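Both blocks below hold the same protein chain, though in two forms, and each is given as structure tokens: structure 1 and structure 2.
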Structure 1
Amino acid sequence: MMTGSGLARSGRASTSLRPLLPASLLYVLFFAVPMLCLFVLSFWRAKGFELIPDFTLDNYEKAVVSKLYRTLLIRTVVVGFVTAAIVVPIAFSLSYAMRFVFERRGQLILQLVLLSLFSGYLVRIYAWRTILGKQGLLNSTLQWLGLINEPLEFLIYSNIAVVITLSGLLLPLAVLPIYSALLNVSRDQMEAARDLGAGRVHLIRTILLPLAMPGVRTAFAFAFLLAAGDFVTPSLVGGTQSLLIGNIIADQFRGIGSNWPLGAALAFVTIAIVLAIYLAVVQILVRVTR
């Protein structure tokens, strides 16, 4: 029989969980249920324009065995990782400057950084096409400075163009969590470390990074997972030789010759590989800064 104190604890737990119910219901309705439907679909078969309920692993076998899909998966992981490796250090440096160098003006700079998010995703991609194109801002400036004689063709329709564009698009999203994490770092802690003889590098590695690690992890997740899942940017600035697995998955859900079960299987294989790499990198980051 539950005692009076047990009933009281149960009542408090029920009351404390009640605010989570709306968010939990929305999560189940708009994320868990669609993902479950997609997972079930990945075991079906497609015949012509008809989807046939089944339980076959053929779609997962094609996703793993096919040389084309393996190549695209590897390219996707590399592009996502390189993008994150570029974005996170820049975001950390910018956040550090806003928090400890500019101080009161940091909030204003943060708002200016986030201002780009108010423009549409496609608008920002086309802006980067304008910058990176053969006759774009970057090539024109380099030619005007006399640093190059001809436009650098690899700046557009290449993997480099995809990484640069994704880095520019995702940088504001990476700045926000790191800056929020650095707000919790006390200036007294840093001054105490300096008084004990800690240099700038030692200070960042042993004080700032461990305290800001939740923000760094979130920034890495934004940069890596969103870059690996993007298919619009590669199609607009990458060209046919720089397509990622997201482009193939999107093609499986539209147009003639589409194969929804295969697209669903490719999506889950991609999710599994990207999540495994993300968790491995996060573990390495935690051990390095411990």
Structure 2
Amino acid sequence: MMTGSGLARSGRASTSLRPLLPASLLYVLFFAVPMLCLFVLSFWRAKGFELIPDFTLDNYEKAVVSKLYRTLLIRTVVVGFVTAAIVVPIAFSLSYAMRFVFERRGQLILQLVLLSLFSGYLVRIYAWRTILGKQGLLNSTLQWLGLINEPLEFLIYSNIAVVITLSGLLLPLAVLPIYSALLNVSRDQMEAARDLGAGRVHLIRTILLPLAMPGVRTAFAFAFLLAAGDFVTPSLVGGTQSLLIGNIIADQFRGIGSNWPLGAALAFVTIAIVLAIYLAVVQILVRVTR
């Protein structure tokens, strides 16, 4: 009797694990293993179009020493950081309004925000080029209205254009985690704090922000990491002065003078630096809101 039920239980356990298998296998085989391959490749050498197995740190040395790559890395971190610094406060304010001002109707606004995410990634970047271009919608409208005589040159092919476009792309992604975090804060908690005499700023700083911190952290991660990893936006709306490290990495894989091992090393150096900065910022955020 005992062994019978034990058998049944173990049988049940094995059937409940089986659904996990196909996806897990796919993840390991086509996500984890390829990442490992990329890492191994970063120690190889490239000779013409051939990849030569090796164990050399030359690629990493080139990635760190080269002035060009350093300039691009710094610009990438700054652009990613500025994008996150724009996106996260807007996402927080929007989530706050959806949760505590509009309440029920907030869900509808959330649907609209998320729907914009699915209007085409390339399409939106291209549209920003149309809007910000020298003879684009913004400039031609301002001129048509007589507000400016000459088109504003800084609107396109600049770091500003890259940040405006990336912020628009990543904002919906940042709203989702912050809004979910705010769903866990009840109106009663807010009312209670207000009844005890807490002002709005105090309320947000000492109650709302710490409670929403996991969401804010995720939102920052999305905005910063994805902005730092994008190369499509800089190549369409950024000029040669606004290229990011992603453009150089992409060029190593699809460009003319491509060098896969160097590209791989550049990718890992970028990931390491961006992750280190992300973790440092999160530490600071946690300390500030405590």
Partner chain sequence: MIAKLRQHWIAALFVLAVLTYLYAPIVVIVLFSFTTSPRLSMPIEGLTLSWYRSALDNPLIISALTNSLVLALISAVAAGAMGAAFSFGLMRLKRPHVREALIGASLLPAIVPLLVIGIALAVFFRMLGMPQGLVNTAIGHLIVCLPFVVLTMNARLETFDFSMLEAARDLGASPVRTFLDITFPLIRPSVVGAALLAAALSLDEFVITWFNIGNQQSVPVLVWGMMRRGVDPSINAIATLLLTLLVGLVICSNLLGRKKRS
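Each form is matched to the other, and the largest set of C-alpha atoms that superpose within 1.5 Å is called the rigid core. For numbering, take structure 1's sequence and count from 1. Everything quoted here is computed from the prediction, not taken from an experiment.
- Only structure 1 matches the form predicted alone.
- For the conformational change between the two structures, the C-alpha atoms of A276 and Q135 are best fitted by the superpositions of different rigid parts.
- Superimposing on the larger rigid part's C-alpha atoms between the two structures leaves the smaller part rotated by 17 degrees.
- On a core-based overlay, A23 has a Cα shift of 5.3 Å between the two structures.
- The shift recorded for the CA atom of L147 between the two structures is 4.0 Å, with superposition on the rigid core.
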